[in-house]
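Coming up is one lone chain in structure tokens, specifically the form predicted alone.
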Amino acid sequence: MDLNVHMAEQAAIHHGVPQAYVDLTAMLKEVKPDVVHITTPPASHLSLGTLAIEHGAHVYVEKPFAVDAREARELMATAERHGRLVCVGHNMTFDSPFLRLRDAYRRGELGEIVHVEGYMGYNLAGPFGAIFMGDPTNWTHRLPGGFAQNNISHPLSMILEFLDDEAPGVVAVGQRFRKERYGDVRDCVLDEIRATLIGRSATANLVFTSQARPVQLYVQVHGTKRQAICHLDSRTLRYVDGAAMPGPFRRIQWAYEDLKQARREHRRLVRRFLSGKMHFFEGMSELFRQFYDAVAGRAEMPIPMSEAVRVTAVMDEIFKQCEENRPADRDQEAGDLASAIGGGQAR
């Protein structure tokens, strides 16, 4: 289904679907689907999800789950009231290296979690960045967190796997490094967001940046037994166990252990490639499979609906603080401070 009749017809032909629709209500009444996938901009997720649920469908919602936590809670409440399931598209948490990391954590191999680092780079001149940076009317500019809100749920959903706090403390700041050049909303796009999450027993740092190169996405987990680095671009998982040999041999052993880990992961990737298991959307495919198993009653929900709300609520707090500490305010404060200092020196 698509609001554009030509796009709807093209999609129907491409996927061999007998009927194309431009009206969701008509489609829900005539087809009566068991599951509806919502891949529209976030501002429509609540209304479309509610409509689908009320017509008896389970719903898969692309990230970000909703515009804010209020909408997320409302959608979850509607699903619970109608006995339907709603799954959020945090597909990166179902990529093979992260699944292995999660399993290792649950088996106790990392020990108690002390700290988590999450990092995501983004290229504003890339194929997706160029779209919204070239159009001031693009829907991403109307999100409370701008384009970052459309992406930051990836590293955040992975970080929160290891923080069991319902509402961890948040300290966040946004930065803008580019010079103003458009004279419109695009000049307000933040180039970087840094956030610290403070839980009862663990902390986490999140960096979302369009400045650093190469662009990459990874999570590093520090436990009381060992550390682990899950890299989503190379699809690798590496553990850090340290070394036990004395003196300079310790450094050699540490480097050798790193080499063994890299070789092991390289062999694993080659095997997955040759067997046809390695593809870009492997996490999404696995998430779909598990969600459909839950819909059929064969398994638990892969991502609890409450987790979609929790991630959204933390995002709300991050963007709230970025707005409160927006660069223009800090520049003004710095100018006021400089003036005060200058005045004091003059006196």
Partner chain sequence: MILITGATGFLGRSVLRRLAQQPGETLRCLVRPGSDPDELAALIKDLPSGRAIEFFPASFNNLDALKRAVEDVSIVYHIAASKSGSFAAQTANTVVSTENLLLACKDANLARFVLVGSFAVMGVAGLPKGAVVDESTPLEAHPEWRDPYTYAKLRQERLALDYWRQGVLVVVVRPGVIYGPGEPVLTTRVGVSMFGWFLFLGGANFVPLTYVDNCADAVIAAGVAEDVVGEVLNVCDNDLPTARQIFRLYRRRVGWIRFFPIALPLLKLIARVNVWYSEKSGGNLPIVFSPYQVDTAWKFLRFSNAKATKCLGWQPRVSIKEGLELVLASQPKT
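Quick caveat, the model's predicted, so the values are computed rather than measured. The term rigid core refers to the maximal set of C-alpha atoms that superpose within 1.5 Å between the two forms. Residue numbers count along the first chain shown, from 1.
Another form, the form predicted together with its partner chain, is not on view; read the next lines as being about it.
S.K.: Since the chain is shown here on its own, which stretch among 238-246, 179-187, 208-216, 145-153 would lie within 4.5 Å of its partner chain in the predicted complex, judged by heavy atoms?
M.R.: Single hit among the candidates: 179-187.
S.K.: With its partner chain left out of view, choose which of D233, D103, D135, D164 has a non-hydrogen atom within 4.5 angstroms of it in the predicted complex.
M.R.: Checking each option against its partner chain in the predicted complex, the one that comes within 4.5 Å is D135.
S.K.: From the list L48, A313, M278, L28, which entry has a heavy atom within 4.5 Å of its partner chain in the predicted complex?
M.R.: None of the other options qualify; the answer is M278.
S.K.: Do heavy atoms from each of N4, H14 and L274 fall within 4.5 Å of its partner chain in the predicted complex?
M.R.: Yes, because N4, H14 and L274 each have a heavy atom that approaches its partner chain to within 4.5 Å in the predicted complex.
S.K.: Please tell me whether any heavy atom belonging to Q19 falls inside 4.5 Å of a heavy atom of its partner chain, as the geometry stands in the predicted complex.
M.R.: Heavy-atom contact with its partner chain at 4.5 Å: absent for Q19.
S.K.: Does its partner chain get within 4.5 angstroms of any non-hydrogen atom of E323 in the predicted complex?
M.R.: E323: no, not in contact with its partner chain in the predicted complex.
S.K.: Could you check, with the core superposed, whether the Cα atom of Q10 shifts 2 Å or more between this form and the one not shown?
M.R.: Yes, shifts by 2 Å or more.
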